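A single chain, nothing else alongside it, follows as structure tokens in the form predicted on its own.
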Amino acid sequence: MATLPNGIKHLPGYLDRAAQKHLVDTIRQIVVEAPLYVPAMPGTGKPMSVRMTNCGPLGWVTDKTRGYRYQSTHPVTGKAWPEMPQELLDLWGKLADHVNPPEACLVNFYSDDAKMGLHQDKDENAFDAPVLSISLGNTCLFRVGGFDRKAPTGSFKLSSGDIVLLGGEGRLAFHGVDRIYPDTSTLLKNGGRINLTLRRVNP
């Protein structure tokens, strides 16, 4: 386990190929119940370049009028989010070092031309709990900064099966995805990258 600036931890290759494939199959079942949709930026309504869904008691959503928030239902179907799979709860139990379970797992699907600008995960009320991030599929370039958007940043590659923890000092560090590297993994038949982020929302 490498400890990076601001307390962010990177666990390269934590999930082997079999575990990755099993997770992808599990996520496919979640997407059947809670379809991927294109979220919109607050205020502008500009569509994000990723498609997303959630599982667990709560899900992170965003739209033009109501902005960033957590809610218990899918914004398109109106149905409750699917239950969080036990394998994700088990990973949290092994790695998160937190007494309470995660309440939300955000599922982001990146096509090979998608990216994610620098941002903080700060819509939760439980900053003592880490954010646990799982990479599946094509490699990405992950950028990490400080606690101000203008602070210096650094970047490193995340490959399929890697896990990142944003906890402790690094819980509110700015981070984002600069680019996806096409054809760097054969896990997803049609390319792209899936990112799962487990979050504790309430104290």
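Numbers follow the displayed sequence, beginning with 1. Only a predicted model underlies this, so the values are computations on that prediction, with no experimental measurement involved.
Absent from the display: the form predicted together with the DNA. The rest refers to it.
Taking a 4.5 Å heavy atom cutoff to the DNA in the predicted bound form, the contact residue among Ala96, Ala126, Leu89, Leu118 is Leu118. Per the 4.5 Å heavy atom criterion, the DNA in the predicted bound form is contacted by stretch 110 to 118, the sole one of 96 to 104, 78 to 86, 126 to 134, 110 to 118. Although the partner is absent here, Gly146 is not a contact residue: none of its heavy atoms lies within 4.5 angstroms of the DNA in the predicted bound form. Proximity of Leu172 to the DNA in the predicted bound form: non-hydrogen atoms within 4.5 Å are absent; the residue sits far from the partner. Although the partner is absent here, Tyr37 is not a contact residue: none of its heavy atoms lies within 4.5 angstroms of the DNA in the predicted bound form. Contact annotation: Thr139 falls outside 4.5 Å of the DNA in the predicted bound form, judged by heavy atom distances.
Annotation: in the predicted bound form, residues Tyr14, Leu58 and Pro203 none come within 4.5 Å of the DNA through any heavy atom.
Of all the residues from 140 to 167, those having a non-hydrogen atom no more than 4.5 Å from the DNA in the predicted bound form are Arg143, Arg149, Pro152, Thr153, Gly154, Ser155.
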